[in-house]
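A lone chain, given as structure tokens: the form predicted on its own.
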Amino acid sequence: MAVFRNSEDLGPPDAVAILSGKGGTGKTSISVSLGYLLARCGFKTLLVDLDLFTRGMTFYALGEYPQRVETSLVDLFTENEARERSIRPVLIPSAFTDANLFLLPSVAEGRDSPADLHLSRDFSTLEGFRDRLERIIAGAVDWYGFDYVLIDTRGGTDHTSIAAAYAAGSFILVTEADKPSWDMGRTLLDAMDAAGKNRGGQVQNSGFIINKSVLPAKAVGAYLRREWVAPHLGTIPLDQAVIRCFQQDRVPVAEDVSCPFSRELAKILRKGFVTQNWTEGNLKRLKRVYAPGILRLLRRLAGDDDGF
């Protein structure tokens, strides 16, 4: 049974896991920024922080506010909290997202450190973890009516990342523009393929994003398209301002839509997420987001704007 479905035939997904073969590729910045844009376009969007160990999305998205979290995903998957419990999505406090962006947080205030995290035996297998995650997401979508679900995962071939892709039904692979990242990406794809063949089922490979690139975009994109047999959604150049934003819990698309990261992410959004369900109003919202950025870009090119 083929594991990867042809995304060009199926069209963009409304639920997707953001994967990477290794840590540090910038998938969390990309996941949160895509969520910000989808919410700004008028879609009720759910972010899921499934990196239960580093928990970067929770602190990046909530900043000073994780103390508001009563129940987290760690509570639902750890050994002492494996019983059925409900979890409430947390509204991400940002005027940019028009109260459309929510988070299922990985951790609540005062919980154990990642070094003390032990998954329950019930969720120590791909099937068990996937089934539990599917029920959690389905419950949130049924109750809140989300239009999009983006799952941020742990880098590597951990079974939680593979389970996330199968729970969502589709995935996007984020890679850096270097051979170790490509090799680890290939390892992840092979693990996905083996999981599908051994356990049955299919998952949609929606494409890959090259991040923090300093290499020729077309050549690298063409190479990985052949190697990974997947659509190339876009190449984001190395942008130091984005790294500063992440360190300060600021989201680039809400700060400066004219920066290279934000401009390329708009293209990725159009290529990977826009469907026939998008109304003219949704598209106009996206255009209005980037209209001020175009003017700022022109000023920057003229030497009249210092950027961030």
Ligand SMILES: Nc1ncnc2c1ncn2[C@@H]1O[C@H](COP(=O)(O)OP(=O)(O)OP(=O)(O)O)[C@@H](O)[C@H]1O
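Residue indices: 1-based, along the sequence shown. Since the model is a prediction, treat every value here as computed from it, not as a measurement.
Below: the form predicted together with this ligand, not depicted.
Candidate site formed by L38, T97 and K267: none of these residues places a non-hydrogen atom within 4.5 angstroms of this ligand in the predicted bound form. Residue P237 is the only one of G201, P231, P237, G128 with a heavy atom lying within 4.5 Å of this ligand in the predicted bound form. A residue is said to contact a partner when one of its heavy atoms sits within 4.5 Å of a partner heavy atom; I243 meets this definition for this ligand in the predicted bound form. Taking non-hydrogen atoms only, F273 never approaches this ligand to within 4.5 angstroms in the predicted bound form.
Proximity of N211 to this ligand in the predicted bound form: non-hydrogen atoms within 4.5 Å are present.
Within this chain, H159 is remote from the site of this ligand in the predicted bound form, having no heavy atom within 4.5 Å. Contacts with this ligand in the predicted bound form, taken as any heavy atom within 4.5 Å, map within 14-42 to G23, G24, T25, G26, K27, T28, S29.
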